[in-house]
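Next up is one chain by itself, shown in structure tokens, the form predicted on its own.
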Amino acid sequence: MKIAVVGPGAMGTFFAWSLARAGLNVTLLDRDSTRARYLSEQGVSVATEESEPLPVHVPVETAAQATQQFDAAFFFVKAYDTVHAALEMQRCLSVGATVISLQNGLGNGPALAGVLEHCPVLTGTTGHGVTLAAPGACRHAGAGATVLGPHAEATRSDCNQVAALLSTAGIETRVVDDPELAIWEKVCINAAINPLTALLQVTNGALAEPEVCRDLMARIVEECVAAAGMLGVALDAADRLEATWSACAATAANHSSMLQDIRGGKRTEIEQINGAVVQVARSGGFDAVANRVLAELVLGLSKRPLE
């Protein structure tokens, strides 16, 4: 099986590294041809708190340069780039290729299915904490559950095949029938952790300290749970808040992707996380105030207008 990992950010680098280290046929796809050439020559590496960086060779190219047809593609681009990346990948996928999104935020599955109409689309989440230290080099700060399920044109068999593939690479993966539940569970965590770490310029673990934003984080999670309920996704606010504290502790040393983006002067996924929660809530007639204010503050910090 020929596998593409689309997006050389922290999570894409980690997954490509893990798959390549397991001896699987994987190619990392980057939009930047200069960086792709550099990464292909230098390899990619992952370090942990206990180990030094371990480099692994992974072919890296752009979608325009790709000459092979991939049988599976993992999308790890930012949520706002999903449609563009899917359009670029159309020519690179074999007939019926399996497409997998483990991205942050809401709407990635529908975006992929809308472009790649004849491909089975799987969606889900991963709880691994990964920070990109430099192009092609990331630090793994903590393991977390990886969950996936069918979104469009996909079967349980498709999901089991991908889960087995990831498990072979050391990424234990669980298959579920309703990935939207897992996605919203992750949104609750991301909505509470990512913008606050970006605004306060702290690691995830700092939010788990006593008296640090606890009431605010509870309000954020409660609004997310209410918004999910409007779409028929039933979540328990107390359970989601406890999961958020656990995520802070499990990835205590991690710098959230939103904090990394702010520090790098890049666009964040705030609109696809807190902003998306606000939109869902608004459609149901209530104002998710905490999520709205965080979205406005992060957009202001990144000097981007509210869209």
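No experiment lies behind these values; they were computed from the predicted model shown. Residues carry their position along the shown sequence, with the first being 1.
Note that the form predicted together with a small molecule isn't included here; everything after this is about it.
Among residues of the shown chain, Q272 is not one whose heavy atoms approach the small molecule to within 4.5 Å in the model of the complex. Proximity of H140 to the small molecule in the model of the complex falls outside the 4.5 Å heavy atom cutoff.
At a distance threshold of 4.5 angstroms between non-hydrogen atoms, I193 is in contact with the small molecule in the model of the complex.
Residue contact with the small molecule in the model of the complex: T82 places no heavy atom within 4.5 Å of it. Only one segment in the set 234-242, 34-42, 53-61, 253-261 has any non-hydrogen atom within 4.5 angstroms of the small molecule in the model of the complex, and it is 253-261.
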